[in-house]
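Just the one chain here, the form predicted on its own, laid out as structure tokens.
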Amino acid sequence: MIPIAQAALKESVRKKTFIVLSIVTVLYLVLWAVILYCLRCYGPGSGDTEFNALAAVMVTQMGLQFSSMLMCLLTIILGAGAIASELETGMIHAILSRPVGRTQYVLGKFAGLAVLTAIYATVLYAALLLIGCAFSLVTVTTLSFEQVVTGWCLYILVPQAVLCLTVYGSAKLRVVPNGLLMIFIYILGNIGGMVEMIGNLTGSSSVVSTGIFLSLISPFHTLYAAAERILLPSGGLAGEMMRGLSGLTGSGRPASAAMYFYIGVYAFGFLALAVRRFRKIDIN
């Protein structure tokens, strides 16, 4: 399994997609720094404390949410062809002619991509916080070590959960349909968060239930929303905005322990289904 994981990691790093998205990520971080520079130099004076706090929260939300979207887009694009591309080109015959089991092959592909996405997410997360500290962004400078570590754990779990579903799709569908379907499912989770938020604001239990149902189909935004709640303040005007609007893409109330258990079963369940599906494919 380890050689397959190493090969998957090296192959993904060499792909033009990874290089292009890495360049986009660097450009995004430069833009993030420019925005923080403008906020510090041209923002309201120190007397507007509440407004400064609100602006800092909104800018931080923008930075975190767009970075999470970049992570998941990279994960989907790389994972969509992890198995499907080798099935389509026939390279799978050469790989499985070696002493490699089908289960080892699928888990190796997953492990290699999981390591890459975890490294990418960690570097991106650290860069956002370091740039925030450099420009004295209050939502970053006031974070405790525990908040940083807990937020990081939830932050990197988002692409890992997306990868489990994407690998299953790669064992079942062709590259392009799988990629499009995974992007749709990922967006569906954000829509579910917004629907649940609207239901909470309007007091409609049916709308809330619809949002929860969409979140069960695509629970990735739930993990991100949990990270955002840990990293952003819970008091003052900024805290009221977090409780009311819960970010640019919205979310409902904090997830229960049962929801986190469901997400774990969801992720590992699709990975197990990917192994089962690939074992049944007639490659000859």
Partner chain sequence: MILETENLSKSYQNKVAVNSINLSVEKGQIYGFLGPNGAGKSTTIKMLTGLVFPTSGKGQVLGRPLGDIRARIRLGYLPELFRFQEWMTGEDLLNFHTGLFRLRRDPERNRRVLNRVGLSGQEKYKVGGYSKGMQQRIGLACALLPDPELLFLDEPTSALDPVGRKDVRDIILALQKEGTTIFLNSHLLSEVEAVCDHVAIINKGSVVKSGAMKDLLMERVTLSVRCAPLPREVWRVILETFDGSATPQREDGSLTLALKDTEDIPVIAALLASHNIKLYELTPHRETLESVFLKVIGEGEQA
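Numbering follows the first chain given and starts at 1. Note that the structure is a prediction, hence the values are computed from the model and not measured.
Beyond the structure shown, there is the form predicted together with the partner chain, which is absent from this document and is the topic of what follows.
- Listed residues Ser97, Ser206, Ser144, Thr202 were compared with the partner chain in the model of the complex; Ser97 is the one with a heavy atom within 4.5 Å.
- With the partner removed from view, the residue among Met91, Val176, Ala134, Ala126 that has a non-hydrogen atom within 4.5 Å of the partner chain in the model of the complex turns out to be Met91.
- Residues within 4.5 angstroms of the partner chain in the model of the complex, judged by any non-hydrogen atom, belong to 98-106 and to none of the other stretches in 111-119, 98-106, 158-166, 73-81.
- The partner chain in the model of the complex is approached by Arg14, whose closest heavy atom lies within 4.5 angstroms of it.
- Residues Pro3, Ile4, Ala7, Lys10, Glu11, Arg14 of 1-18 are found to place at least one heavy atom within 4.5 Å of the partner chain in the model of the complex.
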